[in-house]
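Read the single chain below, which is given as structure tokens and is the form predicted on its own.
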Amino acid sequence: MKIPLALVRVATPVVMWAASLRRRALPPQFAVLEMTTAIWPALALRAIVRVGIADRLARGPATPDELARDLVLHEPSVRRVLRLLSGYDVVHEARNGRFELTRIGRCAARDTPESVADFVRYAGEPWQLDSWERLSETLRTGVPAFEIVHGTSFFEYAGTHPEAGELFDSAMTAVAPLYGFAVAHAYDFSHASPVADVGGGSGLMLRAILRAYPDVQGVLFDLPGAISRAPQVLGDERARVRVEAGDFFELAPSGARTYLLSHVLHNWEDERAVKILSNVRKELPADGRVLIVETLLCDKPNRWSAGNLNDAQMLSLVRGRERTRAEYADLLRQAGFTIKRIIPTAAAESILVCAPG
């Protein structure tokens, strides 16, 4: 049975709240230990992705013996890691000793429709984790830990290290359909055409919108390397899309009624974010709209939120940040926009609907 995304959105904070109540009932040392060791099962999950266990189990249940034989692994170690992950509902051990992937575990296999395996790999890469490990230096200096570790910005590193750049692109590709589905079903695009996805990469977000709205035309705008895979990604929707190469710090595409900025502004400092918005403002018609898709920071204290978690990730990697509604309102005002409404989606993201003025 599929769990609706809307239910996930509601259930996640409830689960976090329940977990916080449980932690408060225990001595506080347990809460610290729980947080400190939370990375271990995450890295165990990444391990079964890297060695092919998740892919093998996606083809059918197997014992640790069979997995070790098929994948040339150490059987006792396989058994111990799978036993750990069975406690996180990634795998299920049957009475006959065979392990099978659960609904959650199938997301860690590469060739399943619900796969986010490349994001699992990306999140555990040493060049990624080293930034979190050096976060204390960011606290002292304000410089992103990634730049401290690697001596260059995250995006420059990805551009000069093909393997890292490709994995980052694959990770974003793995999760983009989730956001695309959520956005396409939260906002009515029926009168929004043409829709320009600025910084839209290979077109996964735009593809989701076009599939949900067969009469909408699209514009995909990004750097040449980012749009290189657009023809394959867009597939049957390619005929309805004008693919255009360009730099959003220099200009925005012309001829659209709705401009989409999805997970773009959070990558940049305020000055550069305003520059992107100002370029869009030059092209936006008087009755047009700008849709900003981002995870908003929680403006209530002492709450778990995806926005706060993502913001810490941005702190460690780049010079951008997640923002509150008020902070986005200020950015938009500088570029000549006002927020008309904010629409929650079934995912963690919200859509800020903005108009000139």
Ligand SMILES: C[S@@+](CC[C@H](N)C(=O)[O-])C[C@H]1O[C@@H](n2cnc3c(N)ncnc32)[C@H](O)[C@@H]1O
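No experiment lies behind these values; they were computed from the predicted model shown. Each residue number is its position in the shown sequence, starting from 1.
Here the subject shifts to the form predicted in complex with the named molecule, a form of this protein not shown in this document.
Every member of the trio Y179, G201 and L223 reaches the named molecule in the model of the complex with some non-hydrogen atom inside 4.5 Å. Stretch-level contact check against the named molecule in the model of the complex with heavy atoms at 4.5 Å: of 108 to 116, 67 to 75, 141 to 149, 242 to 250, the positive one is 242 to 250. Taking a 4.5 Å heavy atom cutoff to the named molecule in the model of the complex, the contact residue among Y187, Y213, W132, F168 is F168. Note on contacts: among T102, Q217, N267, Q128, the single residue with a heavy atom within 4.5 Å of the named molecule in the model of the complex is N267. The closest heavy atom approach of R257 to the named molecule in the model of the complex falls outside 4.5 Å. Remark: R281 does not count among the residues lining the named molecule in the model of the complex, judged by a heavy atom distance of 4.5 Å or less. The named molecule in the model of the complex is not approached by A208, whose heavy atoms all lie more than 4.5 angstroms from it. At the 4.5 Å threshold, heavy atoms of Y88 stay clear of the named molecule in the model of the complex, well away from it.
Residues from 133 to 158 that approach the named molecule in the model of the complex with a non-hydrogen atom within 4.5 Å are limited to F155.
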